[in-house]
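Given next, in structure tokens, is a single chain: the form predicted on its own.
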Amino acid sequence: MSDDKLLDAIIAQTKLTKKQTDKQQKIVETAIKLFAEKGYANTSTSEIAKAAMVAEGTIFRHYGTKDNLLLSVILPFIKDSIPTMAEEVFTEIMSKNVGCFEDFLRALLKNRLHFINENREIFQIVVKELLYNDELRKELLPFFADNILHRITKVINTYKDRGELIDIPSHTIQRMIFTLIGGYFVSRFVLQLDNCDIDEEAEIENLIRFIMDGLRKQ
């Protein structure tokens, strides 16, 4: 899914809501189109206001900040779309003949890295809000737990039953894997601790080796 397609899907959903005034609807649609064309960071609230033919103060009155404007449409989209998106992702991954757990991890990492690369700015905004906004975490994390973590646990159980994984609780394995992979995505795409060119294939293999074998020299 590309950035444009994701933003187009968000626009389509905003058209279905009855909670916004015509002016708010125009602001939201204009903002998302400009974000898609120019990038979030390169779009100012004054440009949005001009294109939507409203005063810039109207945007601030309704949304406060540019981040809040984007979040106001992203969050309903996430809630409505996570179940379907999660189903599509796991169906696609499991259709790749993932014969062992290592194959599953590799397919999952490649899938999510591609998605985040294509939707980097949206990912950054959502993660930053989750890090600092307690209410948002309480609101969104149950959706992630029910639709993503639950599915990962089911996959872990499958490979545990085959005798591939160590005999510790599946939710513990899931939590450790999610912490490692989630931390990697956040450090790379949000905190941007390392700005040098990255060999993505090598990064994926290093993550897999670390998850499967750890640090101790065998």
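Only the largest set of C-alpha atoms that superpose within 1.5 Å between the two forms is called the rigid core. All figures in this text were calculated on a predicted structure; none of them were measured in a lab. Start at 1 and count along the sequence shown; that's the residue number.
Just so you know, the form predicted in complex with the DNA exists too; it's not on screen, but the next bit is about it.
Q: Is it the case that T45, G57 and R61 all touch the DNA in the model of the complex, with a non-hydrogen atom of each within 4.5 angstroms?
A: Yes.
Q: Does any part of T65 reach within 4.5 Å of the DNA in the model of the complex? Heavy atoms only, please.
A: Yes, T65 lies within 4.5 Å of the DNA in the model of the complex.
Q: Verify the contact flag for T21: yes if a non-hydrogen atom of it lies within 4.5 Å of a non-hydrogen atom of the DNA in the model of the complex, no if not.
A: Yes - in the model of the complex, heavy atoms of T21 and the DNA come within 4.5 Å of each other.
Q: Picking from 178 to 186, 160 to 168, 48 to 56, 146 to 154, which part of the chain touches the DNA in the model of the complex when contact means heavy atoms within 4.5 Å?
A: So the stretch in question is 48 to 56.
Q: After the core is overlaid between this form and the one not shown, has the C-alpha of E164 moved by 2 angstroms or more?
A: No; E164 is a residue whose C-alpha shifts by less than 2 Å between this form and the one not shown when the cores are overlaid.
Q: By 3 Å or more, the Cα spacing of G39 and H114 differs in the model of the complex; is it closer or farther than in this view?
A: G39 and H114 sit farther apart in the model of the complex.
Q: Relative to what is shown, are the Cα atoms of Q124 and G39 closer or farther apart in the model of the complex, where the gap shifts by 3 Å or more?
A: Relative to this form, closer in the model of the complex.
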